[in-house]
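Single chain ahead, written as structure tokens, the form predicted on its own.
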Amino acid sequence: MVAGPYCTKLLADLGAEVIKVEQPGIGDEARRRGPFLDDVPHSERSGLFFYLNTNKLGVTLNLGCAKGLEIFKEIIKETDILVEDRGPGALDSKGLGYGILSELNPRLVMTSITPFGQSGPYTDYKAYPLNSFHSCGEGFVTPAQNPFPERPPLKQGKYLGEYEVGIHAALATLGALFYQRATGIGQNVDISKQEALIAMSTAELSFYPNLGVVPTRGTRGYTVGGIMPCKDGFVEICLYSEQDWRGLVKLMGEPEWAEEEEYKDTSSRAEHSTEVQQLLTDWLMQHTMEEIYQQGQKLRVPIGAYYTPKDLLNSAHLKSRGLFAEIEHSELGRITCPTAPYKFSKTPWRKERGAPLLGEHNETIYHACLGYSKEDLATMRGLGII
């Protein structure tokens, strides 16, 4: 629902012609997930589906019937890349595994995204994003700098883990495509969501095999600071050294309490961390997030700001880089969304089309590209094939 579509969104944004294949009358699961325009559920008004499928063409095709399988194979003959993000063995069970498809098109790069990969004891296990995220160990140390490490682990917000998998899948797919361009031979790219997520949390996972230490959800290297509230939001103060502390004291205007004996060094501040945290909070609540962040930058104090979506949309920096753009959609109207997290000097990001309506490009693909007549399309539509 997210990993595969995000992988192909990244490819579409780079200029690939991407065709999204959906089940007739039902469509992708993301169409039934919010947020929805005006909070009214509608298959063509899902913000999640819109974001994941911009710049793509969309067709409907029933892979549960012989004609649908025949058409799918016709498309594969002309395809460089096939990305599947279904349950384990979903395409194999329909006779559409890599072994069969590669005979039709030896140049085919087929990227298979599954919870635990194409081999091993867990190969056939299914998983929701919640399961995938916790299978990598990242949930065990989430949230970081938690003042209550005894509480249960948490999943990161929304589908963050799925997006991370999509990035790995896109990178691996392009690698296989370069090989195909050089040799004329395709290959099957096996993406394990568990392993892709483990690759994103290597710092925590390296503690135990190398140091014999199991990381916790407690503070990471410091007992004072961390995620703290301010006048209009939250900031994160990272105090790894005495120099960091002295910079923070200067940022606060050299308060007298900072020179008292119980706060003179790292050890004594750790012993009195409750009092220090309260004194820091009292100061932070008098200042805005942006004031603290900007002044901290000038004094080289490691402070990060916790931006909300509203903060990001109104960011002067991001506006100057043109990160956000408006995209037209026949049902949603003009929608503002992020573009691409990169800038090329010669080939700028393209805004070609919004996410496709269900089956919007059936005629484009089946009639104009594959040669089916409009009468054929009407017949197949009536039979539920497209």
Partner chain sequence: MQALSGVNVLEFGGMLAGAITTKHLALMGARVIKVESSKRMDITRVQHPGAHSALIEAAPTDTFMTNETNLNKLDVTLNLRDPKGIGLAKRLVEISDVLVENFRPGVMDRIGLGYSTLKKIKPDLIMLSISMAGGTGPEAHYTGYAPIFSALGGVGHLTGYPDGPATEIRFPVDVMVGTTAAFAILAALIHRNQTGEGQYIDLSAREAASCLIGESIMDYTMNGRSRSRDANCDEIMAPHNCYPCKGEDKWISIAVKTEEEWASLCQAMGNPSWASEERFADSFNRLKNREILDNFISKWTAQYTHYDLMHLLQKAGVAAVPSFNAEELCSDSHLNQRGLLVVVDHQTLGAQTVFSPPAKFSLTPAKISTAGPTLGQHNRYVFGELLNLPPEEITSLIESEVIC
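Numbering follows the first chain given and starts at 1. If you're wondering where the values come from, they're calculated on a predicted model, not measured in any experiment. Rigid core: the largest C-alpha set superposing within 1.5 Å between the two forms.
The same protein also exists as the form predicted together with the partner chain; that form is not shown, yet it is the one meant from here on.
The contact with the partner chain in the model of the complex, taken as any heavy atom within 4.5 Å, belongs to 297 out of 297, 281, 93, 274.
Out of the listed residues 333, 64, 338, 41, 338 is the one that sits within 4.5 Å of the partner chain in the model of the complex by at least one heavy atom.
Here the chain stands by itself, but in the model of the complex one stretch of 223 to 231, 84 to 92, 264 to 272, 68 to 76, 223 to 231, has heavy atoms within 4.5 Å of the partner chain. In the model of the complex, residue 352 stays away from the partner chain, with no heavy atom inside 4.5 Å.
For the chain shown alone, residue 117 is a contact residue for the partner chain in the model of the complex, at least one non-hydrogen atom being within 4.5 angstroms. Residue 176 belongs to the set of residues with a heavy atom inside 4.5 Å of the partner chain in the model of the complex. When the partner chain is considered in the model of the complex, residue 121 lines it closely, a heavy atom lying within 4.5 Å. Residues of 98 to 136 placing a heavy atom within 4.5 Å of the partner chain in the model of the complex, in sequence order: 116, 117, 118, 119, 120, 121, 122, 123, 125, 126, 127, 128, 130, 131, 134, 135, 136. A displacement of less than 2 angstroms separates the C-alpha positions of residue 167 between this form and the one not shown, with the rigid core held in common.
Relative to the superposed rigid core, residue 138 undergoes a CA displacement smaller than 2 Å between this form and the one not shown. Relative to the superposed rigid core, the position of the CA of residue 102 differs between this form and the one not shown by less than 2 Å.
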